[in-house]
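First, one chain by itself in structure tokens, the form predicted alone.
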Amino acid sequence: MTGKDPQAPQLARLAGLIADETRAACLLALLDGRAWTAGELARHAGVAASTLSEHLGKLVAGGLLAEERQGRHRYVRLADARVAQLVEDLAAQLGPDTGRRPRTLRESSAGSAMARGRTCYDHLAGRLGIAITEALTVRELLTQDTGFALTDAGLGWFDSAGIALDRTSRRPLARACLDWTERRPHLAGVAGAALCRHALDAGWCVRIGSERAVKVTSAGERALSELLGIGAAALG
């Protein structure tokens, strides 16, 4: 009879860190890729600052969050892209309908905006992310045969669009990330992050509200149409 797997205690500790509603709310909020103050996360999670501080301490100690202090403020962010992938993959298991209807019009509007377009840590998700992924695939710039991979034409497309790719990164150049609202994979990895960063810097997309939602601007509609043939209807 074999002994217990030595990784079992570590896996149990990791699962225990996430298996708390307040800590889960913090991890999901931080999928926007930005650093939040402890106070902002406390208000988002609906708990007292002292309670939130205890939770953040556990997440930092467990390696899921990284923190830095600037004056009186304590900022936290997801530790790295691997943590973001873990949280997004777990959220994808829930599906688009968690069984609770929106309680207010504002909540319903926020949910619709997130489904249209949002950031998933450092790349684009929702219908926007899926539309871009499908357009890249149809044009044979991206293949999905055995996982995601940029073709030679795809590498050329990023260069011609002025979107620099970090070829020295340890992260995959292209990776599939299961979209929890669309139930299909969108583009992540170095290419996904570079495209998202360029879209925000170039004004193709702007962040809206306090969640991860993004909105495609008129300049973005023109750019996506010219570069990838994506019509406005696919982004609505």
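Note that residue numbering begins at 1 and tracks the sequence as displayed. All of these numbers come straight from a predicted model, not from anything done at the bench.
Omitted from view is the form predicted together with the DNA, to which the following refers.
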| item | value |
| --- | --- |
| Touches the DNA in the predicted complex: Ala38 (any heavy atom, 4.5 Å) | yes |
| Distance check, His55 to the DNA in the predicted complex, heavy atom within 4.5 Å | yes |
| Residue contact check: Arg212 to the DNA in the predicted complex, 4.5 Å heavy atom | no |
| Interface membership of Arg69, the DNA in the predicted complex, 4.5 Å heavy atom rule | yes |
| Stretch in contact, per heavy atom within 4.5 angstroms of the DNA in the predicted complex, of 201 to 209, 25 to 33, 169 to 177, 42 to 50 | 42 to 50 |
| Contacts with the DNA in the predicted complex - residues in 161 to 189 whose heavy atoms fall within 4.5 Å | none |
